[in-house]
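Before any questions on how it binds or moves, here is one chain, the form predicted alone, in structure tokens.
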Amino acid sequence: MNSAAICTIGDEILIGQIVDTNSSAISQALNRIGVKVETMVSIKDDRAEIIDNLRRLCDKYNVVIVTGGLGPTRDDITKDALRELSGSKSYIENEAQLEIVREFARRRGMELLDLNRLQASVPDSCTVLTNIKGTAPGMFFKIKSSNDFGESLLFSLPGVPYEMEYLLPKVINHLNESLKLEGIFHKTIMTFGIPESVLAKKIEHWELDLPEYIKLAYLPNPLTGIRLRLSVYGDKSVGCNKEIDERVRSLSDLLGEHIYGYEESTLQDEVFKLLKEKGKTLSIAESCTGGKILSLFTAIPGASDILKGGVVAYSNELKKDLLSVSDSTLVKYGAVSRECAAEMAKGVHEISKSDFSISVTGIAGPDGGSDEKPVGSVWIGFYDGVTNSERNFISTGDRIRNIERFSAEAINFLRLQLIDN
């Protein structure tokens, strides 16, 4: 199988100033075409370090993808390191990229500076990947190496994520043309509402019955639950769909409603589909999640078809004034209670005139807990115009993780209520 390395360049990554999302996007794209990423490295802005590390990677892997270090500032030295590594004798100006640079300057009312113009200057041995999203082009080199293939395909892409993402399909096209790609097949099953250890025990016999060539991975996430990914590599991947489908059907019998979707599906996607199918609408009342649930739904294209809106009532005063939570409920039971969650759900339902509503009230932490109501306590309410339902649980994460967990649990609770309605 073709093997790959991903290399990010920049001190800002090493000191944690920015989060490296590029490596994840590149790895997913390579995986889809059967190129297996075997290592990821980050390198500081040092010319010698860049050359030494890339030479080592090119000697070991037949695909190397680099991001970062291609901007217009003096500290962006990747291009010169690549010129030396590739054995290029000189730089040449790429007219297509230069015109893009000129257009950027025109649109911004800027003078075309020499530093900007230099962005279109590339080593003479590279194939240019024209970048209309920025001024720095991508570059493609064939580097002599000591691996079995005799050369490594090296791609250098800008570090800005949306520029990298624009150029990534061009990289994939080059790989499709240059490599003999082996098969790869993945099937992902999305589960929620079952702890990983319990899940593993529940499907233990099913997992042991998998043939050796089908690999299973557990991928937990507080917002999406636990992904179960089945993978088949190489020749066995051809025509394995029927076998995988049969395995997934038997898994569905074991897990039932804990399975909510497949591949890249999310809980909010599935709720959106259910509401669309029913022709029903939703409203949301949030306290401890601070609008997180609402934002997950509004990120879905067409959310206005099902979403009436929401209220973020953090203080008790707003819970009373906006959601009609009674003063007696807050005094007797407190804001984090079954009764408050129920009244919040009913209150936002009456304001919005939606078909269904959910509410969340809890203690995200790190402070605010008590022996009776520890940090991580949450109540979730559901109202359909006739009946109230509530659910409570305790999460054990930090503040951010608790907010994500509360949000996901509320959406999953809504999903189960919609299935029953």
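We number the residues from 1 along the sequence you see. Please read these numbers as outputs of a predicted model, since none were measured by experiment.
This protein has a second form, the form predicted together with another copy of the chain, left out of what is shown; the following refers to that one.
Student: Is another copy of the chain close enough to Ser197, Leu208 and Gly291 in the model of the complex that each of the three has a heavy atom within 4.5 Å of it?
Tutor: Yes, the whole candidate spot contacts another copy of the chain.
Student: Looking at Asn173, Ser250, Ser328, Ser315, which has any heavy atom no more than 4.5 Å from another copy of the chain in the model of the complex?
Tutor: Of Asn173, Ser250, Ser328, Ser315, the residue with a heavy atom within 4.5 Å of another copy of the chain in the model of the complex is Ser315.
Student: Tell me, out of Asn241, Thr188, Ser265, Asn147, which residue has a non-hydrogen atom within 4.5 angstroms of another copy of the chain in the model of the complex.
Tutor: The residue from Asn241, Thr188, Ser265, Asn147 that makes the contact is Thr188.
Student: Just one stretch in 85 to 93, 336 to 344, 218 to 226, 252 to 260 has heavy atoms within 4.5 Å of another copy of the chain in the model of the complex, so which one is it?
Tutor: Of the options, only 218 to 226 has residues within 4.5 Å of the partner.
Student: Would you classify Ser352 as touching another copy of the chain in the model of the complex, given a 4.5 Å non-hydrogen atom cut-off?
Tutor: The answer is yes: Ser352 has a heavy atom within 4.5 Å of another copy of the chain.
Student: Answer yes if any heavy atom of Lys308 is within 4.5 Å of a heavy atom of another copy of the chain in the model of the complex; otherwise answer no.
Tutor: Yes - in the model of the complex, heavy atoms of Lys308 and another copy of the chain come within 4.5 Å of each other.
Student: At the 4.5 Å heavy atom threshold, is Tyr61 in contact with another copy of the chain in the model of the complex?
Tutor: Because a heavy atom of Tyr61 falls inside 4.5 Å of another copy of the chain in the model of the complex, the answer is yes.
Student: Consider Asn388 of the chain shown here, and say whether it contacts another copy of the chain in the model of the complex, taking contact as heavy atoms within 4.5 Å.
Tutor: Close contact is absent here: in the model of the complex, Asn388 is far from another copy of the chain, nothing within 4.5 Å, heavy atoms only.
Student: Heavy atoms within 4.5 Å of another copy of the chain in the model of the complex is the criterion; list the residues of 3 to 26 that meet it.
Tutor: Read in sequence order, the residues that approach another copy of the chain (within 4.5 Å, in the model of the complex) are Ile13, Leu14, Ile15, Gly16, Gln17, Ile18, Val19, Asp20, Thr21, Ser24.
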